[in-house]
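In the form predicted on its own, a lone chain appears below as structure tokens.
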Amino acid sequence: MGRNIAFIDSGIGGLSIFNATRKILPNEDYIYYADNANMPYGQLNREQLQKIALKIIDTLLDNYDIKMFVIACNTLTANAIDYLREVYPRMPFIGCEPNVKQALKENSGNTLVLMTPSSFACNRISDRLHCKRTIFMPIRELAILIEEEADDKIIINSLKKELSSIKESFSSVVLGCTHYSLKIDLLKDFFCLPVYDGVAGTARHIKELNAVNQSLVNSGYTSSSIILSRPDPAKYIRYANIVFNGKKI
């Protein structure tokens, strides 16, 4: 059994799940891989994403002792996780999906699901989560703006433009991208509606699967490593501040 839990995302978004997991599993050893060289994933097709994911997994397995991979990206989960499980049948993979079930359970009206274009185009999400009360909406710029540290006013103005085509009413919102979760408080204020994400549920799933595999670490020194696919000192410092100093974006 390996030692590290490895998280993969195109950038900063997966840190939402990464930090939630560290809170409930404080003694594990972690690796966070940010594929900033290929960011944004939300603009890529399935074949491109599978090829990228395979290269990242191979690189990490060649250089680190991995016991579990967390695909901390809704887009990569939708397009590549089934493929990765076929290629590496003995390696545990955990992905993330929009928390549509809870939104529909707790609210009587429609729920709006915000997604990247690539997630929207993937049948895996719509097939698993579709019902008459779901409105799936591709959002082109939101993840990029969050990654690039855009001002909150710019983020909201961009979102307003992208949502202007929606005609249906909705009573709740689901965030279908881990980048969006980093701005969940801003989005709650903007929508003035219940807003859901899958961060806490994914973290619990990671803990549960480690317990099933009898690989939980309950004591001892813990380490966290951040890897960027393209060197970027400023971005590394930003990520490190979030991981090690608890800084909010």
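Here the structure is a predicted model, which is why all the values come from computation and not from measurement. One-based numbering along the sequence shown.
What comes next is about the form predicted in complex with D-glutamic acid (DGL), which is not displayed.
Trainee: Let me test this: is every residue among 9, 41 and 143 within 4.5 Å of D-glutamic acid (DGL) in the predicted complex, going by heavy atom positions?
Mentor: Judged in the predicted complex, 9, 41 and 143 all sit within 4.5 Å of D-glutamic acid (DGL).
Trainee: Hey, in the predicted complex, does residue 111 get a heavy atom within 4.5 angstroms of D-glutamic acid (DGL)?
Mentor: No, residue 111 sits far enough from D-glutamic acid (DGL) in the predicted complex that none of its heavy atoms falls within 4.5 Å.
Trainee: Find out whether any non-hydrogen atom of residue 73 is located within 4.5 angstroms of D-glutamic acid (DGL) in the predicted complex, and reply yes or no.
Mentor: Taking the distances in the predicted complex, the answer for residue 73 is yes, it comes within 4.5 Å of D-glutamic acid (DGL).
Trainee: Decide whether residue 177 counts as a contact residue for D-glutamic acid (DGL) in the predicted complex under a heavy atom distance cut-off of 4.5 Å.
Mentor: Residue 177: yes, in contact with D-glutamic acid (DGL) in the predicted complex.
Trainee: Given a 4.5 Å cut-off on heavy atoms, tell me which of 178 to 186, 203 to 211, 55 to 63, 23 to 31 is the interface stretch with D-glutamic acid (DGL) in the predicted complex.
Mentor: Careful reading of the contacts points to 178 to 186.
Trainee: Since the partner is left out here, which residues of 187 to 210 would have a heavy atom within 4.5 Å of D-glutamic acid (DGL) in the predicted complex?
Mentor: Result: empty, none.
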